[in-house]
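What follows is a single chain, given as structure tokens, in the form predicted alone.
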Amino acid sequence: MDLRWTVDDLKTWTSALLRERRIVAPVVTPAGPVWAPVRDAGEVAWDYGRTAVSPREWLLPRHETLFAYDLAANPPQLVEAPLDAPPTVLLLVHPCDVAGVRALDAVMRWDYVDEPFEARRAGTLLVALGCATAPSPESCFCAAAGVDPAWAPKADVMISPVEGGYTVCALTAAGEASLEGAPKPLTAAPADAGRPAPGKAGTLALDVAAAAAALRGRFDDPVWESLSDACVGCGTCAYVCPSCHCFDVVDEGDWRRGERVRNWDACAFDHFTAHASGHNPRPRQSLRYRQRIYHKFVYYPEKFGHLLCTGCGRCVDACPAGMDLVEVLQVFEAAPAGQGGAR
């Protein structure tokens, strides 16, 4: 029995899903593929390479109203914002971006379950697409970051490119239910699913573990000044990242009425973590850049057991100043640890 699916088979399945769920998938635009809702399976970019921005915003929006307030009313009123969490399929998510969702899960479900995120996450079916080749050979280093480019164990459905088509595998009960009535048979998950051998997608070779270990002795190293010298503090690296999750909460309005909103933040911004008193614990760009690297490769792994970098390489390609995370990690990979320790 031929278990290979064609693109037409995937379209038929997608059309069935569209009857009950919103589908967010890569679509082609003049600026390249972007994540957007589709109304027809024909709009999906089935062989899209990589989007410039990750699908993170469909789970953690860039701007989100938490509640509205009216202090001029008698009595004062607080109105919670309605949850915008329709049943959704994130379709054709590469393993690096699935790993980004895993990073969001760990934070947003940690000591407090964030209700808006949880509502969207619980209603989202993750359909992954393995990479047969690196979408950006000059910047992809997912395998070095511990992500298998060919397999996404945290997805609900895994689509794997094979010669002459694709194989489709359900990894969760939700994924299996979504495939009822599928146009072609499914393949079984490998016996070692969850710990498969790294795929052969041609990602950059890098010893991230060695670099992370070396970081622990370089906190006070003057090298941070030169490594961050080109950084303009635009925050692009954080905005394209699948795993960054920092946000700011502000009131937009006046003393009488307005909204409390949550907006994405970025550690590169000069006001990031600035105190209301005016004190800024990281007044220089070098200190903010060091925070970014330590958060991804030291602090977050200590708390959650895996990197806060999925090796997607978007920050490398998007940085307007040409800063290259791979080159930065290679600096530490090649140098022995000094004194200072992680903080």
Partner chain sequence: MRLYTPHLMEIFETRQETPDVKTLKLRFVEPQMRESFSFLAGQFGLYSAFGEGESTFCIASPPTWKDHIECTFRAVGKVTEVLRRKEAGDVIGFRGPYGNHFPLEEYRGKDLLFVVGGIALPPLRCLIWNVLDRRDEFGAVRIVYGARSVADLVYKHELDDWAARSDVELVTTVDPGGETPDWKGGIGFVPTALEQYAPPSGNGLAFVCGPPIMIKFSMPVLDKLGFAPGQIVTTLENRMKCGVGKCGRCNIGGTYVCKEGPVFTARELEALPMGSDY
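From a predicted model like this one, the values you see are computed outputs, not experimental measurements. Positions refer to the first chain, counted from 1.
Keep in mind that the form predicted together with the partner chain is missing from the display, and what follows is about it.
The partner is not drawn, yet in the predicted complex one stretch among 226-234, 95-103, 247-255, 132-140 has residues with heavy atoms inside 4.5 Å of the partner chain: 247-255. Put simply, residue 291 is close to the partner chain in the predicted complex: some heavy atom of it is within 4.5 Å. Interface membership of residue 222, defined by any non-hydrogen atom within 4.5 Å of the partner chain in the predicted complex, is ruled out. Within this chain, residue 287 lines the site of the partner chain in the predicted complex, having a heavy atom no more than 4.5 Å away.
The closest non-hydrogen atom of residue 213 lies beyond 4.5 Å of the partner chain in the predicted complex.
Taken together, the three residues 78, 114 and 283 all come within 4.5 Å of the partner chain in the predicted complex, as judged by their closest heavy atom.
Put simply, of 209, 174, 71, 189 only one has a heavy atom within 4.5 Å of the partner chain in the predicted complex, and it is 71. Although the partner chain is not shown here, in the predicted complex the stretch 246-277 places heavy atoms of 246, 247, 248, 249, 251, 253, 254, 255, 260, 262, 265, 271, 272, 273, 274, 275, 276 within 4.5 Å of it, in sequence order.
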